[in-house]
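There is one chain below, alone, in structure tokens, taken in the form predicted alone.
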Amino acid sequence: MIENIQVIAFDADDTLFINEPYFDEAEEKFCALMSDYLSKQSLAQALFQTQINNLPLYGYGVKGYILSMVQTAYEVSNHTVSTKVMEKIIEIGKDLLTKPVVLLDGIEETLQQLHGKYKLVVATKGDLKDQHRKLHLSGLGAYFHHIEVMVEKEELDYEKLLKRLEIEPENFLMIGNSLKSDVLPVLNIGGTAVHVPFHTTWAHERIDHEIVHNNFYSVEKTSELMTLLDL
């Protein structure tokens, strides 16, 4: 049982609502468009590497993804890609920015039960405007005391968040689908983390080792939080 928690933070993408499947779909469309130049596997790898290289410049989110698709298309085609294909790539990106917001099963019921008992916050990465759009359309905004769109999710970023929230690490619980971003840094600063796996995870967010820690928990769905919190 988890005790002494005052603030519970939720990741947004693939914790509150669906996100990664939309990017998987966009990648499929991109690879199909560029199939004259490389195999699907090679195109996917080239796009991924471009994204990683561009993270320090563009950060996370759809707009950086669009720029990375454009750059990858130019590079793999040796700058011969047609204007028509480039327009279609931009349309793939625009489509990502207008995707419907689909809540994960049980998330609103979970928030309803936690609301009023804890201070609830959103701690997520991504494009500021797009994340606020999704949270607005989700209808979940009223449950949250604070929304933080972070550039990164490393120890220092969480420490800054806790300082703004005026909370000690031992009173902080983070919930999310990424072991790399939502779990490890929180455990490292003395907080508690609950992993709620999603069926698909971006390669950049995966880790290759098992986590063993007294403050680490894993559940199949967010509704199981009630048992962990003895509610």
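Residue indices: 1-based, along the sequence shown. The structure displayed is predicted, hence computed values, not measured ones.
Same protein, other form: the form predicted together with another copy of the chain, not shown, and the subject of what follows.
J.: Please tell me whether the candidate spot formed by 55, 126 and 144 is one where all three residues come within 4.5 Å of another copy of the chain in the predicted bound form (heavy atoms).
T.: Answer is yes for this spot.
J.: Looking at 27-35, 172-180, 185-193, 159-167, which stretch has residues with any non-hydrogen atom within 4.5 Å of another copy of the chain in the predicted bound form?
T.: Among the listed stretches, the partner-contacting one is 159-167.
J.: With the partner left out here, check for me: in the predicted bound form, does some heavy atom of residue 91 sit within 4.5 Å of another copy of the chain?
T.: Residue-level check for residue 91: yes, a contact with another copy of the chain.
J.: Is there a heavy atom of residue 108 no more than 4.5 Å from a heavy atom of another copy of the chain in the predicted bound form?
T.: Contact check for residue 108: no, nothing within 4.5 Å of another copy of the chain in the predicted bound form.
J.: Answer for residue 151 alone: is it within 4.5 Å of another copy of the chain in the predicted bound form, judged on heavy atom distances?
T.: Output for residue 151 is yes: heavy atoms within 4.5 Å of another copy of the chain.
J.: Can residue 101 be called a contact residue for another copy of the chain in the predicted bound form at 4.5 Å between heavy atoms?
T.: No, residue 101 is distant from the partner.
J.: For the stretch 41-79, which residues lie within 4.5 Å of another copy of the chain in the predicted bound form by non-hydrogen atom distance?
T.: 54, 55, 56, 57, 58, 59, 60, 63, 64, 66, 67, 70, 71, 74, 79 sit within 4.5 Å of the partner.
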